[in-house]
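Considered here are two forms of the same protein chain, supplied as structure tokens in two stand-alone entries, structure 1 and structure 2.
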Structure 1
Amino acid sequence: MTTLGDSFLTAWQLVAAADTQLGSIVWLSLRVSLAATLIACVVGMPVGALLAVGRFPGRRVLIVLFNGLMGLPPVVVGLLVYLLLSRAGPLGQFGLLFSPTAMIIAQAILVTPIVTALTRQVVADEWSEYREQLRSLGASRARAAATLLWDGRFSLTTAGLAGFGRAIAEVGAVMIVGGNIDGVTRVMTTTIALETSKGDLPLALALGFVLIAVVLSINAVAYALRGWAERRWG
């Protein structure tokens, strides 16, 4: 149990000392995962809403597809993006491999199905409730989808947070497309993996505690914001 105790202590010391290197790693993790989540929301939420209210051939197949893709293995996504961005790959000319941009792309791919599937569920529930009302107002399906998205915006924060949680916790994809380069693409999870490799388990676990604390804080802020917004505009 000494390791666990050591880790708590180390985690506390790291935070208390406001270690600048740790700070920049945490900041990079947040920027990459937030950017990926935002992209996923911009793409996934409209698609999810259209899947919920739309009627077109292949809709059911798409629903099953997005639900299934929630379980995309990060390593596979990483490998896919690696092969695409590699100099020998189709997008190699842009030289994006081993950059934070590559990490954002990989995480966005990973997270978009999660946001899409959860959004579809939220909007589908609303749709069954307000369907007649929206119809009687003569709203088109696209208009209905937009209205329901806006209407369900508070419930949809959970979809965004689920996506963000997946992105920030993931190591397989960012390790492959980022390369864990010190000071350039090293994020929290890859740092933890590296320290584990070095056999410094207490430090690795300490970094894990810091990561959990960061994720909890983000969720707390989101929860508070949501409550405030709901009182103000809800």
Structure 2
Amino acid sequence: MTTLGDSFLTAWQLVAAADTQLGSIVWLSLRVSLAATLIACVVGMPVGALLAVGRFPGRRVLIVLFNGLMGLPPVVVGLLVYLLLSRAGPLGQFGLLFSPTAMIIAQAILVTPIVTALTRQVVADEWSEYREQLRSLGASRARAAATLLWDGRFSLTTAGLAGFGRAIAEVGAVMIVGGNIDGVTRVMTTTIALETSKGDLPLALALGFVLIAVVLSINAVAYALRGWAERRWG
């Protein structure tokens, strides 16, 4: 058997045996990415909805800004968060650098523009369809935004999933602010990068398998949920 074949076999054995080290890395990755995505959704979805239905000075500039920030370079975000949380930074007194909290902050900054921009598009489509009906009911723009968010909650799972996918696949920003400390801030992506550079392919491959499985599973659940909602209320 070739070295590559041995690596694949060992990787599958690590996954099948629920290796302790593997499990701790996966759990930290999920915890950090889910927390960052939740924060991004809490902030980004209301902002996106208000951008869709609101009319105020600077609205178009904000729309362009959020669309542009969807491609925000992760290493730049990591550097900015590092400067904020470092001892000389304005938030250095809290001692958050090189901790899971710092990684959550960095990921949330990266994910929020994605959630905001995608939410704005979904709500804008609904607003064009239900605008006259909501106006006839006397709904304010803020109330209309909240109503459309609730009405499009299943479609908005796509925005949340896109944010989660960006968060859990992130390497650069979490490497800078987390430090890739073994047992503390080492997540799936940073471990894959580290183990590959060391030539330890089995662990890197095992984590790669898990990462792909997590993303596919979450997308499958979201797809099934949307299908169920369409049959239930469609």
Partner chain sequence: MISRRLFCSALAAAGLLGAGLTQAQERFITVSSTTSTEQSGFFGHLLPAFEKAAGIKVRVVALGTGQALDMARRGDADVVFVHDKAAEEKFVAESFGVRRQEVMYNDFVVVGPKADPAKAAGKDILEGLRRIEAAKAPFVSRGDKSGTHAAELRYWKVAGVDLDKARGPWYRDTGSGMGPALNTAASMNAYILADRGTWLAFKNRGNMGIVVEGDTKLFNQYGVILVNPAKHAHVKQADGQKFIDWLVSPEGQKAIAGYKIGGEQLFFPNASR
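For clarity, a rigid core is taken as the largest C-alpha set superposing within 1.5 Å between two forms. Please read these numbers as outputs of a predicted model, since none were measured by experiment. All residue numbers here refer to structure 1's sequence, counted from 1.
Looking at the two shown chains, say which is the form predicted in complex with the partner chain.
Answer to the question: structure 1 is the form predicted in complex with the partner chain, whereas structure 2 comes from elsewhere.
If we fit on the core, is the Cα of A220 displaced 2 Å or more between structure 1 and structure 2?
The answer is yes, as the C-alpha of A220 shifts between structure 1 and structure 2 by 2 Å or more after core alignment.
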